[in-house]
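The form predicted on its own is given below as one chain in structure tokens.
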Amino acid sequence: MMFDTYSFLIVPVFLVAAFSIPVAKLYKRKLPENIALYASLLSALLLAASIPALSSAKTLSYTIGGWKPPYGISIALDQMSAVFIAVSLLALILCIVFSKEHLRTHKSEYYSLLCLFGVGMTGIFHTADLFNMFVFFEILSISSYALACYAKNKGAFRSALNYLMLGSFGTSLMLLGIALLYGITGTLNMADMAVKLEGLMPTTPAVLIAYSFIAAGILLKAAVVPLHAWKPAVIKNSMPEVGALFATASTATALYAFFRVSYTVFGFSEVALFRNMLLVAGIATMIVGALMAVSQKNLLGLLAYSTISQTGYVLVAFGLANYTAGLFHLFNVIIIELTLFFAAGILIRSAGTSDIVSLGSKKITHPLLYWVMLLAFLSNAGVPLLNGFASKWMIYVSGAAQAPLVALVAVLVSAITFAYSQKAFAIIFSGRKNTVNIKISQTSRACFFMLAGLMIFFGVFYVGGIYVFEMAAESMLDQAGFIAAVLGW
């Protein structure tokens, strides 16, 4: 039954919210932002209500329209997708909260786009059908292109147009790969496709070509080196809240899709060559992201490259087959980057500039902003007793046991991260003249305290994080369980 899990209602909730917001603005100006927030909070409650069913059955599945799988459109929820939904909804909710403090015009269009973003994001997490994954990626992408130019300046329009062209190329690659797989297997259902591919892998070149197209399209969305160039340009020219969404929820969604296709459909968890490719991609992403961040003069640009660098750690962890560490680090990065982007947004709007040197010429004395940015920068660099260190340490240990050179590179990149982040922090808060008047609402203060608390909690009590993400990793690797649940075996 569909209502074994209420989570399947999340996509319709966001869809209704997206189309009701333009009408709601005719009655009351504040309705659009409230509808978006309530839709996000309701989605979080629906996910929470699904946990009991998910704890008794590791994968929950439903086929729309009553058609038996694999002919009907299947949706599924397992522990892995539930974790990704929870983290991404947190990012979306906080983005809406901080946007309410600063957005002055075109609110209905903005919040409607955020809800469409939620449709695409949560649709990808729920679908068990490759074509529908592509459809939801398109919804996510279209809303992202519009959000990217919402700052309404030349730089934003230029970077959004570039993102549109590259993103369209990426989704075209995905569609081509999916079409090839459909031609080979005669199905689009992920579980059914996994069964039919089992006898074809790895001796059929067409299958590997199809996978390469899909993987390239998804990794472009995740901004993995060398497919990363669009992301810093978009984030530098976007509203900080939109940049936060791209750096966290958008990246998490793309990585989820990549892992779902790679492990559930193709069963690559035991393929050494695949893990080695992840190691190479992860190391390149770590190094390029960190080195590019060093040279950044724009605070949002620095945070964008920092996010790319941290994504490399996630890929390295997966390349080392330490999936728990990879998922835990992805969660930690999302918490850290949300803190940094929201704090940067308040700084930039208050000082009127995103240039780090220009920020340093002003006197910024707000204690909350000072301490949350310091905490987040330290956690990002992997300083002990903070959440960034907890997951990085797991990666260091795995690397030292399997590939010492990889561990050494990871430690060196963390040192570079510490250097550029502390340099930027010291410059920003070194000003002695031109005091900047910074106002932070009580709601935003509460969000900052919550994010800071999460950084400290998962740094000190990291065992709780390991437990949660170990379950998610086991679910991700349980290809047989996913197939049995979706196909009703």
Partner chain sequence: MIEFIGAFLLMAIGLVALLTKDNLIKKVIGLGLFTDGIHLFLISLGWRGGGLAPIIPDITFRQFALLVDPLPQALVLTSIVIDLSITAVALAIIVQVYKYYGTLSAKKLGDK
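Positions refer to the first chain, counted from 1. Just so we're clear, the structure is a prediction, and the values are computed from it rather than from any experiment.
From this point on, the text means the form predicted together with its partner chain, which you will not see here.
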- Message: Looking at heavy atoms inside 4.5 Å, which stretch does its partner chain contact in the model of the complex, given the options 403-411, 191-199, 345-353, 140-148?
- Response: 140-148
- Message: Within 4.5 Å, heavy atoms only, which of A233, L368, A86, L176 is in contact with its partner chain in the model of the complex?
- Response: L176
- Pick from F98, Y211, F259, F134: which has a non-hydrogen atom within 4.5 Å of its partner chain in the model of the complex? F134
- Message: How about A76 - does it come within 4.5 Å of its partner chain in the model of the complex, if we only consider non-hydrogen atoms?
- Response: no
- Query: Is S295 one of the residues lying within 4.5 Å of its partner chain in the model of the complex, judged by heavy atom distances?
  - Reply: no
- Message: Check G155 for me: does it contact its partner chain in the model of the complex (non-hydrogen atoms, 4.5 angstroms)?
- Response: yes
- Message: Since only the chain is shown here, I'm wondering whether V265 would be in contact with its partner chain in the model of the complex (any heavy atom pair within 4.5 Å).
- Response: no
- For the heavy atom contacts within 4.5 Å of its partner chain in the model of the complex, list the residues of 155-188 involved, in sequence order. G155, F157, R158, A160, L161, L164, M165, S168, F169, S172, L173, L175, L176, A179, L180, Y182, G183, L188
